[in-house]
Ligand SMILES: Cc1ncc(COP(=O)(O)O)c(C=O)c1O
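In the block that follows, a single chain appears as structure tokens, in the form predicted alone.
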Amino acid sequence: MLNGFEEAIVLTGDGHVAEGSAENLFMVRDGVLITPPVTDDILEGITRAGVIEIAAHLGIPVKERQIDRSELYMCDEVFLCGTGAQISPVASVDHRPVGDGRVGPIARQIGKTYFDAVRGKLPEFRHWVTPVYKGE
């Protein structure tokens, strides 16, 4: 927790936003979900692919493009995702609040859908889970 932070945001060699230390990153700006492209040498995460699928299901536009570090200071929402992190909203970047500093509506909606999907509660995401039955 150097300098009061719980996570790092990793930059590419040319200074663009890449990902967290072990998570993919999404930013929301004007209702559009934005994530760095895989050509920026980010991990092609399973959870990242799931978030993109959820966004399409919810009608939230997704754009894969480079993100300038300064955009994180001006965006509406930021969240990280990964197998361990699941959906983790980011409240501040470099001691600056993201949006109003609280969980935003898109991160909340994606998070709720994600948790329902991985628990097998949503028929449209049943292909994500494999039932495990008790042996006799």
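Everything numeric here is computed off the predicted structure, so don't read it as measured data. Numbering starts at 1 and follows the sequence shown.
Here the subject shifts to the form predicted in complex with the ligand, a form of this protein not shown in this document.
Partner contacts here mean any heavy atom within 4.5 Å of the ligand in the predicted bound form, and among 55 to 63, 29 to 37, 75 to 83, 90 to 98 they occur only in 75 to 83. In the predicted bound form, at least one heavy atom of A22 sits within 4.5 Å of a heavy atom of the ligand. Using a 4.5 Å cutoff between non-hydrogen atoms, L43 counts as a contact of the ligand in the predicted bound form.
Residues are counted as partner-facing when one of their heavy atoms sits within 4.5 Å of the ligand in the predicted bound form; in 116 to 133 not one qualifies.
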